[in-house]
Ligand code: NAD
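We begin with a single chain expressed as structure tokens, specifically the form predicted on its own.
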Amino acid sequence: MAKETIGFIGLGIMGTPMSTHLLNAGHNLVVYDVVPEAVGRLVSLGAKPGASAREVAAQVDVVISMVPDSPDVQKVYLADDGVLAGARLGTLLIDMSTISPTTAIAVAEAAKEKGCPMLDAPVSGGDVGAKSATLSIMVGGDQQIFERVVPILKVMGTPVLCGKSGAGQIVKACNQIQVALNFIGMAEALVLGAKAGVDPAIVVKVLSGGYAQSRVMDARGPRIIRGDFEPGFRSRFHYKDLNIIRETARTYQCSLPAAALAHELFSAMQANGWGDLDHSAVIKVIEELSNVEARTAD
């Protein structure tokens, strides 16, 4: 595709670096966020501001959204000042938020009625992946539309077509189960080691070199044992994802006992006021249960 004009809605921890990559790739960008300062940062880099989702959609060939939850996506696309109110016939829509598969399908159906093809394209990789343009992008929708936007998506990471509309969100739910359980497994290993008097730095070093090694441990293990829970992905958003997983499991009559445990532990995080900490901070729940902190002495 030629260098289309792209609208980007949602300029948070993830959206800001993602949209910056699109600017750097030579795309004209029109941006909108409910936080004016976020818009200002992109404008200073060369983007054009939009006053609403509707105004953004009216000026672009492709709209990308990256907002927190299903109700936000519904508002961005379906409200009176939303994307579908401003989009022209044939405008391509890509929602990269992590939302309920049923919401993704419903919004895509509304877009189809408007004559706008739509993909759901949630991502994995956190702020590190967003900044380094190495996100895993899970896409649901029509294959021909997917092939048309692959050059755009590759600016931000590696896109994979997962199936029909909603399939991207299903695969993202699968991803979030695995990530949550990786964090919980790592937390329990570090807490057990600390309780028994082993330096958590040793546990991280040894586990990182064996079969227990994971990208989660590589990215967050050293930070956890320093007590650094600066958010790359806030725990309240992962809790939201676990609620989506529970909803999806009910829809498909699927038993997910470990995911149910993860939901309870992340629920405890929210109850303790840790919703804005990184999702790796789930270790704080395990630490409280065991009355120990898994922190390195250095």
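Since the structure is predicted, the reported quantities are computational estimates derived from the model, not experimental observations. Position 1 is the first residue in the sequence shown; the rest follow in order.
There is another form of the same protein, the form predicted together with ligand NAD; it is not shown, and what comes next is about it.
At a distance threshold of 4.5 angstroms between non-hydrogen atoms, I13 is in contact with ligand NAD in the model of the complex. In the model of the complex, ligand NAD sits beyond 4.5 Å of every heavy atom of D199. Although the partner is absent from this view, I9 contacts ligand NAD in the model of the complex, with a non-hydrogen atom inside 4.5 angstroms. Not displayed here, ligand NAD is approached by G126 to within 4.5 Å at the level of heavy atoms in the model of the complex. Of the candidate stretches 178 to 186, 203 to 211, 154 to 162, 93 to 101, only 93 to 101 has residues with heavy atoms within 4.5 Å of ligand NAD in the model of the complex. With the partner omitted from this view, the residue of R54, K48, R234, R246 that lies near ligand NAD in the model of the complex is R234 [heavy atom within 4.5 Å]. None of L29, V67, M269, L242 but one reaches within 4.5 angstroms of ligand NAD in the model of the complex through a heavy atom, and that residue is V67. Scanning 22 to 42 for heavy atoms within 4.5 Å of ligand NAD in the model of the complex gives Y32, D33, V34, V35 in sequence order.
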